[in-house]
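Shown here is one chain on its own, the form predicted alone, set out as structure tokens.
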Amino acid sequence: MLEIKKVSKYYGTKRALDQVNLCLPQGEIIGLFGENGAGKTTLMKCILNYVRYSGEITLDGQPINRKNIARISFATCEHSFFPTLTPQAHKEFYQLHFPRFDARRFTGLMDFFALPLHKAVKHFSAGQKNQFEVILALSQGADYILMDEPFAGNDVFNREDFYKVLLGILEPHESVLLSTHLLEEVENFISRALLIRQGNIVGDISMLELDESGKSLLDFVKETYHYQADRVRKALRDLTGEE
């Protein structure tokens, strides 16, 4: 169990997270949704202990440190790989440093995305780099896999196929926390939706509950955020002067 208790984070005087409380059990695919600047990336970086914060984050009751950090992996659109190394060299490096590294999964996903093993990653396209970032995160052997906008630069077919593969390869102990703006694409693949706004968790619902309510994920987000359906009409009226 990954537990987040009263976690707050400030960048100077700007509040990025405000007393966040969450429990993330193993075996779930969780969508994390919010506007730009809502706190999604900051929350993930706090979990990983990349930034200082107030509050408490524990993994099975223990603080996140060098002893258990390998149980958490991170796929970020900012990238965490070594650009001058080839995928084959990354594989060898990860096998040395992560005892639970899944070489079979790594090879299978490399084949799925048709990525070259012996080409320096810096020469990959933007979409290929993001694919490779996801492959490393999924192959590390982590129990919790954090993904921050991992599919930027990938076409819709690649994304949809990957979601299906993801559902097929995850083990019962593996959880994914997926931050994305692609609500309608992922609502059939996640088991739970978290909504964050201005550093606060404002929505937390299982997809089963949402389905039983007869609402779509987009409906739930609009309702929770108090979306103003006529905001475009009002903006055009103000911009053009037409009634």
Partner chain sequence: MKIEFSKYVPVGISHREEVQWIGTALLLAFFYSLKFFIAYGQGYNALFYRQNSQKIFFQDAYMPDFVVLLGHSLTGFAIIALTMLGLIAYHYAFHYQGSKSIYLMKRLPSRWELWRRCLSIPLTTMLLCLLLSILLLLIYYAFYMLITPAQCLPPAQWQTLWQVWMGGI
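Positions refer to the first chain, counted from 1. Nothing here was measured: the structure is a model prediction, and the numbers come from that model.
Absent from the display: the form predicted together with the partner chain. The rest refers to it.
Checking 193 to 201, 208 to 216, 42 to 50, 172 to 180 against the partner chain in the predicted complex, the stretch whose residues place heavy atoms within 4.5 Å of it is 42 to 50. Candidate site formed by 3, 14 and 37: none of these residues places a non-hydrogen atom within 4.5 angstroms of the partner chain in the predicted complex. Just one of 72, 166, 134, 110 comes within 4.5 Å of the partner chain in the predicted complex, counting any heavy atom, and that one is 72. Only one of 123, 79, 159, 105 comes within 4.5 Å of the partner chain in the predicted complex through a heavy atom, and that residue is 79. At a distance threshold of 4.5 angstroms between non-hydrogen atoms, residue 140 is in contact with the partner chain in the predicted complex. Although the partner is absent from this view, residue 118 stays clear of the partner chain in the predicted complex, with no non-hydrogen atom inside 4.5 angstroms.
For the chain shown alone, residue 151 is not a contact residue for the partner chain in the predicted complex, no non-hydrogen atom being within 4.5 angstroms. Interface residue remark: residue 101 is not counted as part of the site for the partner chain in the predicted complex, having no heavy atom within 4.5 Å. Residues of 90 to 125 lying near the partner chain in the predicted complex, listed in sequence order, are 93, 94, 97, 98, the criterion being any heavy atom within 4.5 Å.
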